[in-house]
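The chain below stands alone and is given as structure tokens, in the form predicted alone.
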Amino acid sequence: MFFVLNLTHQVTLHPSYFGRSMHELVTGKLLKDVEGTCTGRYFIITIMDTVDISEGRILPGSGLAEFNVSYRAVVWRPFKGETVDAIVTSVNQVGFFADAGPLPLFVSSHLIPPDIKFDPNATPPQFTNNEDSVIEVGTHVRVKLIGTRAEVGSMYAIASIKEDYLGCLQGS
């Protein structure tokens, strides 16, 4: 689910950048450091605007200036039970891996409907029901998140396509 959050971040600036355009440099460094990262609880999709940039504090011994920047950001936090669209990146006999935006996920063969079987003779490897559903690398699928796991700087998920309206998206 997407949220707008008020966040803060510390930005350090080298003395050679001190001058008139310091605020633009601090904002640019904030975008480069934060946008597109994962905190372990959510992904920071984009920074909407900076709310406040504190006065710089010189760090003793190095001469670097440290700024506390308050900003508003659009973040995505995947929840258990959420339905997302993903693109398959890898297929093997135990299931398939897919990416739902920045979130890597795995769908086990136990969480795939029984009529969709792994075809070991197919090239490339795929899950198919020998009719209209073929899950191979590059296929767009709709999955339901069963659980998420967070680590420092990354998140992973386990998903299922064993319910109604889940699985291959038509036209992909």
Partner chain sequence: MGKPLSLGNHLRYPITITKLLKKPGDSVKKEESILQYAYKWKRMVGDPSHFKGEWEEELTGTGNWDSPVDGALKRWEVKEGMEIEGSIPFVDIEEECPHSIQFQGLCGMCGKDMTETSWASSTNDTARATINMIHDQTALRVSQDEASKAEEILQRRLLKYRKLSLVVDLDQTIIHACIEPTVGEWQADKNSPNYEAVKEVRSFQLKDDGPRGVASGCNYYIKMRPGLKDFLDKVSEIYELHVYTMGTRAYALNIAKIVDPDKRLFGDRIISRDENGNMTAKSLARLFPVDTKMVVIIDDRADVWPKNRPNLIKVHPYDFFLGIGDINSSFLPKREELPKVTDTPKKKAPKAVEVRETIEPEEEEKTTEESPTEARPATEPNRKTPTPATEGEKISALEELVRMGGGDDQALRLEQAAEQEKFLEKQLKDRPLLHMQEQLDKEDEAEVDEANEETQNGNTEHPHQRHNLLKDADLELMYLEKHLSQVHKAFYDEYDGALVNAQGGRVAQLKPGHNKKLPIKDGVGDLNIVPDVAVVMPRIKSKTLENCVIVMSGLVPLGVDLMRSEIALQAISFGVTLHTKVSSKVTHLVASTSRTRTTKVKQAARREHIKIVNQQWLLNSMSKWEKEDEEPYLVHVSDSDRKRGHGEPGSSPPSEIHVIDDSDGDDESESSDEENQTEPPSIQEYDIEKLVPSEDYPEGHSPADDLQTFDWGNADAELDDFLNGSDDSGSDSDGGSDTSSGSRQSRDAHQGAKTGEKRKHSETEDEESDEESKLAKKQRVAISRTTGLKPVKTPNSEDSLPTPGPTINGQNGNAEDENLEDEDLEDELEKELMEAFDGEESTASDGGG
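Numbering follows the first chain given and starts at 1. The structure displayed is predicted, hence computed values, not measured ones.
This next part talks about the form predicted in complex with the partner chain, which is not shown.
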**Asked** Counting only non-hydrogen atoms, which stretch in 140 to 148, 62 to 70, 34 to 42, 49 to 57 is within 4.5 Å of the partner chain in the predicted complex?
**Response** 140 to 148
**Prompt:** Is Ile161 one of the residues lying within 4.5 Å of the partner chain in the predicted complex, judged by heavy atom distances?
**Reply:** no
**Request:** Give a yes or no for Val94: in the predicted complex, does one of its heavy atoms lie within 4.5 Å of a heavy atom belonging to the partner chain?
**Result:** yes
**Item:** Partner contact for Leu105 in the predicted complex: the partner chain, 4.5 angstroms, heavy atom
**Value:** yes
**Request:** Check whether Pro114 has any heavy atom within 4.5 Å of a heavy atom of the partner chain in the predicted complex, and answer yes or no.
**Result:** no
**Asked** If you look in the predicted complex, which residues in 118 to 144 sit within 4.5 Å of the partner chain (heavy atoms)?
**Response** Pro120, Asn121, Thr123, Pro125
